[in-house]
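There is one chain below, alone, in structure tokens, taken in the form predicted alone.
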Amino acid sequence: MIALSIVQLSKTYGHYRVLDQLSLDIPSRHCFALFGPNGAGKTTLMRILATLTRPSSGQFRIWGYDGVTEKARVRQLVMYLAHGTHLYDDLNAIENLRFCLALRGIIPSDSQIKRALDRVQIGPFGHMQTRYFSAGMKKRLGLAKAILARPKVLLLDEPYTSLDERGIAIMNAFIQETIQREGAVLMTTHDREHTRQVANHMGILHSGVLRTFPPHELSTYVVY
């Protein structure tokens, strides 16, 4: 079953083409890692798939739903953990989780929230305003949100940034868990070592053009 299907997707800003007729299928139970230099269009692609930016042409589907005309359905299936955290600084960690999940129609119990925060190892900081969180703690809180939401398609923009080795291990464990429960993952990254542990397929985005290759060929490519 194809979880994410992209067909000739393009995005232009004025005369500059960021994505050039990109096509890609990601089946369920797969993790696709996307490498590429800064400015290659990786984050633009993620924002399109998260329905935050509209493509200039082409189409994409999430579990069969059109990403442009059926955005509400797509948003229930997708979770996008961006490079930035997009948290509300005046709310504490628990309040941030409740607010963000309520927008998805999810009302977790106190015990579910506690388990998620404990799993990402920030349980003792649940009542602290996130303005006082480090970058790594904010990344862990975003991961706790994904753990509670259990998305069918997980979009990760530089998931290892700001995380220590233990945080990276927690992130990879959740990626594997998502795959095992019939989900799919698309991640942008510059980290070869930790990506190799979870990715089934890989590709390089350069000048808006995607080139795919299997993980065992990673060492033969300049991935930036």
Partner chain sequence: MSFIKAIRWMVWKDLITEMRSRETLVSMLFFALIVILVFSFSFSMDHQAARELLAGIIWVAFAFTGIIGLGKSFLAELHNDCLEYLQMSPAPKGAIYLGKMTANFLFMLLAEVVLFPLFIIFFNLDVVEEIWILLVVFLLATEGLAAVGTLFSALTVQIRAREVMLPVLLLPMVIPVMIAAVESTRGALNGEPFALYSQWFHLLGVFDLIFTVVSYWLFELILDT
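Numbering follows the first chain given and starts at 1. Not measured: the values here are computed from a predicted model.
Note that the form predicted together with the partner chain isn't included here; everything after this is about it.
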Which of 193-201, 171-179, 28-36, 64-72 lies within 4.5 Å of the partner chain in the predicted bound form, heavy atoms considered? The stretch 64-72
Problem set entry | Non-hydrogen atom within 4.5 Å of the partner chain in the predicted bound form for each of 50, 76 and 86 | yes
Worksheet entry | Exercise: residue 99 in contact with the partner chain in the predicted bound form, heavy atom 4.5 Å | yes
- Message: Please determine whether residue 54 contacts the partner chain in the predicted bound form, using a 4.5 Å cut-off between heavy atoms.
- Response: yes
Worksheet item: Any chance residue 90 has a heavy atom within 4.5 Å of the partner chain in the predicted bound form?
Response: yes
Answer yes if any heavy atom of residue 125 is within 4.5 Å of a heavy atom of the partner chain in the predicted bound form; otherwise answer no.
no
